[in-house]
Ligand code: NAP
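A single chain comes next, written as structure tokens; it is the form predicted alone.
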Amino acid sequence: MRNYENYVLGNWIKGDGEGTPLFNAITGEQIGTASSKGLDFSKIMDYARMTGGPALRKMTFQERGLMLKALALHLHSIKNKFYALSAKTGATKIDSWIDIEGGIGNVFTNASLRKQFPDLPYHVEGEMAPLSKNGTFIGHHIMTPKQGVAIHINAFNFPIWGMLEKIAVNLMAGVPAIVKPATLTCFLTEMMVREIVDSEILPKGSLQLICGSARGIINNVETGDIVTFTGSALTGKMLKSNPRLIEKAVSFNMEADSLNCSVLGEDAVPGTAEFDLFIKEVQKEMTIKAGQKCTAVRRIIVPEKLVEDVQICLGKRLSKTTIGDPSVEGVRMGSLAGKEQLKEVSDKVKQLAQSQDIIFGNLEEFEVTGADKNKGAFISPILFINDDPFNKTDCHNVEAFGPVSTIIPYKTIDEAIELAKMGKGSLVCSIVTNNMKIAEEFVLGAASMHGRILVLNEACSKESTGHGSPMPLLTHGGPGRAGGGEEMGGIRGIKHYLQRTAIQGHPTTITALTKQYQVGAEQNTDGPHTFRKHFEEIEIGDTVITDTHLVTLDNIEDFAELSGDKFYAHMDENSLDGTIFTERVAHGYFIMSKAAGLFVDPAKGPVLLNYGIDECRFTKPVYPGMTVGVRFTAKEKISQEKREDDDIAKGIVKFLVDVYDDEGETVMLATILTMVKKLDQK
């Protein structure tokens, strides 16, 4: 029997006293204890702010992304270590796969987001804002890492995923974290953190773990800290009301359990692929993790005429769910996470039974395979039916956090929308339909009360991740009862840990601050052509002023023949009445192509290739007889990692292509992306 430790102040520390007993959810045997008694939360938080924070903030987004990639690769290589201990939380192999490999996958995804950030410790957001007539005063936005600590208070149901999906985001942003898993299943989180610490991939102070109680930790928060909470709405509201959060203006993100629903479209009748998908999806969401998911289906909203069909088919699938020890062949549902969870869910089932009828399952009479149901935290799937959901409203207010759900009838799609919204805010809902009009009406009607909506049908079913799977690139959270918070969501999630600041000044000043060239800033035209320079030698603002070219009617006709673009504005001067053009106009793509001919230095050099054009705009017509030239300016640099030792060391340089006419006015703007060899190939 182990005393599970806390990882704080750079050391593994046992809490004082006996601690909270921890149990194997399958056998009921005690496996250890956890205590945080004697820990000084103030010192722990200061250690994160003063040690972890500075180390992370020195790193660029590219370096932090590569750090996460290395961590994900390491954890993936040892992933099988965690399955046996995960089973002691009551999880089946599929449940554990979601928790373990889903969490590691989240780290991989966040690591890949480095490609959307500059090669800087901070982020430059959006576009420049012009603030003056002559362009000598502009504005922009930068986002810098908050100089506090992220405190993650997590639920018991996903001891690994819950931690990894959160720390991947704050670490990418450059903010250290203190993780407080639910003590009930903290032993699995502790195992994962030990592996992370032993890998020495993360800087010291960037990750700390509290296995025992963290009561009082919020009393030590300071401005710049971020608190996230995942768990019951009741606990979340209690934490959110702490006066310290208001006093220090601390960000609090809450993701609470909600009464999610799945809706069967009127078109999805028995015999259709969609009806079968609905039954399968609901049964899966009721029984995965024994229903202990914040996204699980709690309300099954069904056309009135199909209630009996759903009841029969769903009952048949649930009856095939073998409950028991996850290590036994054929077991499809394990136990709840512990006896206290079993009592809580049972009490909620009894409460719901006062206003609606159980049509499948029983709290006492059910079979368990390979284990003693009286020692473990086992429960049967429970399916209710509610014949009057607008008046018998317990199903919209009471959540049993286990394999418990209620069938609810509706007459019209408007009723289905109203019933879905009666959950008072949900993390997710789904509608199974192949009718796009039904899908549109439901989604637009229900969206205001849901953080995510899945439209499921046969067309997407083979690749759909399902009702209950939050995805790293999409936001996870919801309004109202679901907590009003938002996490993940790709780059959006990372921005929660960054402070957005508006900056103002001359374009040269803003260029210096953002490390991105701003139109109107000083340009450096000295030295060799930029295509003669290696990546390290190029400076932001390095500019080539090209020769000019006289645009002729022959150019327009030759380009039309070559490209096949014979749009009337280029070819027929008699068709220009009612247009903005006064004569035949040069193709925009000819101007772009000619610009490349002007700015390219053709001899072999450090430039390896051009692989894209961004933000191309044609701002003024070019007519025969006008001349064009190019101001070609190094705009931004992003270093790239070597994937293999024999790869060419290189980086991406973005160049501003400013094509101007004989009056000095811009006729085309674009950004080209070039891959440039580094001088240092090590």
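Each residue number is its position in the shown sequence, starting from 1. Computed from a prediction, not measured in an experiment: that's the story for all the values here.
Omitted from view is the form predicted together with the named molecule, to which the following refers.
Checked against the named molecule in the predicted bound form, the residues Asn106, Ser380, Ser206, Thr230 give one hit for a heavy atom within 4.5 Å, which is Thr230. Screening Ala155, Ala586, Ala173, Ala595 for any heavy atom within 4.5 Å of the named molecule in the predicted bound form leaves a single hit, Ala155.
Contact check for Thr235: a non-hydrogen atom falls within 4.5 Å of the named molecule in the predicted bound form. Under a 4.5 angstroms non-hydrogen atom cutoff, the named molecule in the predicted bound form has Asp257 among its neighbouring residues. Of the heavy atoms in Thr530, none are within 4.5 Å of the named molecule in the predicted bound form. Using a 4.5 angstroms threshold between heavy atoms, Leu239 counts as touching the named molecule in the predicted bound form.
Partner proximity in the predicted bound form, defined as non-hydrogen atoms within 4.5 angstroms of the named molecule, places exactly one of 395-403, 515-523, 601-609, 437-445 at the interface: 395-403. For the partner-free chain shown, just Cys294 of 269-301 comes within 4.5 angstroms of the named molecule in the predicted bound form, judged by any non-hydrogen atom.
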